[in-house]
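Encoded as structure tokens, the following chain is the form predicted alone, with no partner shown.
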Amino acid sequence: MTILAMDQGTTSSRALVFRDDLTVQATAQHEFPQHFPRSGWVEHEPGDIWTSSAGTARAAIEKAGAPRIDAIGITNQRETVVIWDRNTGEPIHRAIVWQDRRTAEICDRLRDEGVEDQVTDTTGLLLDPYFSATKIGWLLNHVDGARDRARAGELAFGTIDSFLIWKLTGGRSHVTDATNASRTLLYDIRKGEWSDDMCRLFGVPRELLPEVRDSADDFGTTRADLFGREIPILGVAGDQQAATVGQACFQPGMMKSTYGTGCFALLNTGDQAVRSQNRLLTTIAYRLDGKTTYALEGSIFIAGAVVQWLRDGLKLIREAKETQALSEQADDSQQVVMVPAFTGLGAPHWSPNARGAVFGLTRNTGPAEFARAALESVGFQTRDLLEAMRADWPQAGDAVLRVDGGMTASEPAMQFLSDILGAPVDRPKNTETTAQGAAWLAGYRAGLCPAPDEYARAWQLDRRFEPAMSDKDRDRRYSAWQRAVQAVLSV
């Protein structure tokens, strides 16, 4: 058994070939350009997404020795919007990325009209430009003729998974899965269907929308010319939900946090769609065999991206891996706090217009203090999320946090995370949990992978980080962070 996982992210496309025991046989990765037409706007060329995804898939298969691929699983950056012509497959505009804030005023207007409670009751989400619906509306209103063409059924909308499936199948499948649908502001997460009320509210014609399927399901077969033969696509999940599956968080109360470009923490709440009182999101964790499992989610927009800023913006480092060593040189007497609100603040604050700031600067502050403050900002933001989760769902109080993503390789960052949370943090042996989750979904559908309980028993711990910071220091440092956030929100 061999499974190909296609992991399409915000800054790069990756592909991994998994053996029958779900260990990685080969990988390939390709970064692609980011486009920032205006302040707060973020776009991708759909052609770059497609060519990098197809190219890395071929490269990974070749590195693995060209084995027979039995199934494909797809995981993807969520909320990002593509609209394309059904006949030609050509996009009508660049993809509008989940980080994009151009529709903030639309969200403010709808909030002022008093519709946010209705939106949250139906979709589990908040009115924020982060999600897909207002991005779709913007494209329909700003691309000549797009709205009329959408109503006529000439155009198709998809999150990145749907766009890739369309391309992989040669336009034969216009589908998505429940986890990606649940991030659009258009999907009724309790009824498990597109909401006519939400479509009317956001001005999105139903004719644009893909069919929604389980996370482990039949999504079509690839064109034979892509990989030498037709291959079934059997697993799809948004990146954070795929990581939840990859971390085997199948039981209510289990939590995971993924540290990539952003940071996303999910708490499994079982068959309960818990309505947050602390501005967290109620979302679909996965849907298997027609049964929906829900989660509370907190989203941080800037995690690994703050390291990219140190490298590309401030030119303090040449490679991301230099951050750890630089941070260890920081002066312990300085308490520099960085709030990386480069594209607003996510949960639990949800302030799209907030902007970043650094506090506690002195004449002695230098690159090392900036590096440490950048890494620590991720821990502080994670605590904000977990405090809100514990308030919404007290059963999560003593849970261990499972972590994954590129930043988890930093020992100081993970130790600080445990310190500031005052709770254990578990890092798995396999940190490719997002891609592994997609691979397991495909293998489960194909009958090649074990059931959830058996799969969960195979999860392996690499290291548990235990809190070593005193309660006094923890409270003092978190209070300084809270003051810094309030200062940013007050500007």
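Sequential numbering from 1, following the sequence displayed. Keep in mind the model is a prediction, meaning the values are calculated, not measured.
There is another form of this protein, the form predicted in complex with a small molecule, and it is not shown here; the text below is about that form.
*Asks:* Looking at the partner-bound form in the predicted bound form, is Gln25 within 4.5 Å of the small molecule by any heavy atom?
*Replies:* Gln25 lies outside the contact set for the small molecule.
*Asks:* In the predicted bound form, is there a heavy atom of the small molecule that lies within 4.5 Å of any heavy atom of Gln240, even though the partner is absent here?
*Replies:* So Gln240 counts as contacting the small molecule.
*Asks:* Even though the small molecule is not shown here, does Tyr130 get within 4.5 Å of it in the predicted bound form, heavy atoms only?
*Replies:* Result yes; Tyr130 sits at the interface with the small molecule in the predicted bound form.
*Asks:* Within 4.5 Å, heavy atoms only: does Lys256 come near the small molecule in the predicted bound form?
*Replies:* Close contact is absent here: in the predicted bound form, Lys256 is far from the small molecule, nothing within 4.5 Å, heavy atoms only.
*Asks:* Which one, Trp98, Trp84, Phe380, Trp166, lies within 4.5 Å of the small molecule in the predicted bound form by heavy atoms?
*Replies:* Filtering the options by heavy-atom distance leaves Trp98.
*Asks:* Exactly one of Thr343, Thr261, Thr184, Thr222 has a non-hydrogen atom within 4.5 Å of the small molecule in the predicted bound form; which residue is it?
*Replies:* Answer to the contact question: Thr261.
*Asks:* Residues in which of 261-269, 327-335, 387-395, 284-292 have heavy atoms within 4.5 Å of the small molecule in the predicted bound form?
*Replies:* That would be 261-269.
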